[in-house]
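Take a look at this single chain, the form predicted alone, given in structure tokens.
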């Protein structure tokens, strides 16, 4: 069983960098199919290092609801939510220490992905790490706590496949449903920077890299 698992991981890491090409979603938005596959093992190792310093947690929304997705951050600022609202903070509220620095592998991949999507010179300063387990979801929302909307959002999928909801500039717009596989990277900016987006409840399954979960890295220019 171990040999089969190792073989599956080797197959995933040996997959071509761009097996599906660039899939346009809207003006300023696309999915880069398989773009992050070669870095998957390094990305997961970096996630483990971040989580060891800033553990995953289920944050509380301003309305008092506990989020089903477990989250943590790295970079110059981290996105948090509590009864006081949604915002970026320079320190982890659990430890009162600075968030772990942005891993170099995150930074390099995000810069390359943004450039491939048409956004040159992207420099992320924050990364929200989400862990989805079967049944967890993220409702439609906008990423609008950043100071400047000129930079795109770069979202990296690792592990179990997910259904990405890509809506419009109004919450009422019916979203498209796009399947994201491990290594796919969604990028949206420009006219699409403030689209509503989310994740449908994660289906159960087993992935050779992550087991029964999915990790998502959302890299932003927050400050």
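Not measured: the values here are computed from a predicted model. Residue numbers count along the first chain shown, from 1.
Although not depicted, the form predicted together with succinic acid is the subject of the following passage.
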All of 141, 155 and 216 with a heavy atom within 4.5 Å of succinic acid in the predicted complex: yes
Succinic acid: the contacting residue among 128, 80, 114, 124 in the predicted complex [heavy atom, 4.5 Å]: 128
Residue 199, heavy atom within 4.5 angstroms of succinic acid in the predicted complex: yes
Residue 99 within 4.5 Å of succinic acid in the predicted complex, heavy atoms: no
Contact of residue 132 with succinic acid in the predicted complex (heavy atom, 4.5 Å): yes
Partner-proximal stretch of 101 to 109, 114 to 122, 132 to 140, 80 to 88 relative to succinic acid in the predicted complex, 4.5 angstroms, heavy atom: 132 to 140
